[in-house]
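Next up is one chain by itself, shown in structure tokens, the form predicted alone.
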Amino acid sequence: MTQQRLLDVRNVSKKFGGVIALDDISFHVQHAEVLGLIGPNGAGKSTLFNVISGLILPTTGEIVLEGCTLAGMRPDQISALGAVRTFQSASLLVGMNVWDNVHVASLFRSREASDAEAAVDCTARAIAYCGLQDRIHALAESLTIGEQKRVEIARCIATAPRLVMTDEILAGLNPADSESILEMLIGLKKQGVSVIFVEHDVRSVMRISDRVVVIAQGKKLTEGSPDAVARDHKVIEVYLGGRYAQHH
């Protein structure tokens, strides 16, 4: 049985003046799948997230979430359809505590958006899932980096998402916090949520991803299973240099 697609990115390009940030990129995400997205610095990964999440418009191409074209929609409209993201640096609401940060996100969820009682329930469940019950009254600016990253994920969960896109969520974390975040993402997949996992820690990407897409200089280099991508000479060359690829 063929697994149903959740997201289709079709021939997406993005130009900033004369700079081509994304060049004819296509890939898809299936339901309940972790898709790893890797590439060197400046490859276009964050720009791609910005396009999918509605922060910027693509120059050409289209993005389709279960038959609904996202290009031209605002980020809050895309969130209401079930596609949400984190940022490289946690963008929490300063001056507000953990509960309020997550509760605000629950108001943008894709189902029962007008039900205040359901919003409170979504907030509580998201906070519990991320192990933040003891920090609900802590102000965002008082949190450790690991706690901030967990709040980012809790805010995504509070929207009742179908797709969560994490942009270098492990950056700056110690091994224990990284392991906790990875377990959360694996748990989301088990609950039927799809994840696009952008990360420089390639070992973590290979560990939890069902498939991996590699981009470099704004173009898709290859995609496939983690094992196949790890052995691809084009990928080795991009990360370690042509001389290394020739000798190995």
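The structure presented is a predicted model; accordingly, all values stated were derived computationally and were not measured. In this text, residue numbers run from 1 along the sequence as written.
Keep in mind the form predicted together with a small molecule is missing from the figure; the text below concerns it.
- Partner proximity in the predicted complex, defined as non-hydrogen atoms within 4.5 angstroms of the small molecule, places exactly one of 36-44, 202-210, 188-196, 63-71 at the interface: 36-44.
- The small molecule in the predicted complex is not approached by residue 91, whose heavy atoms all lie more than 4.5 angstroms from it.
- Heavy atoms of residue 238 never reach within 4.5 Å of the small molecule in the predicted complex, leaving it off the interface.
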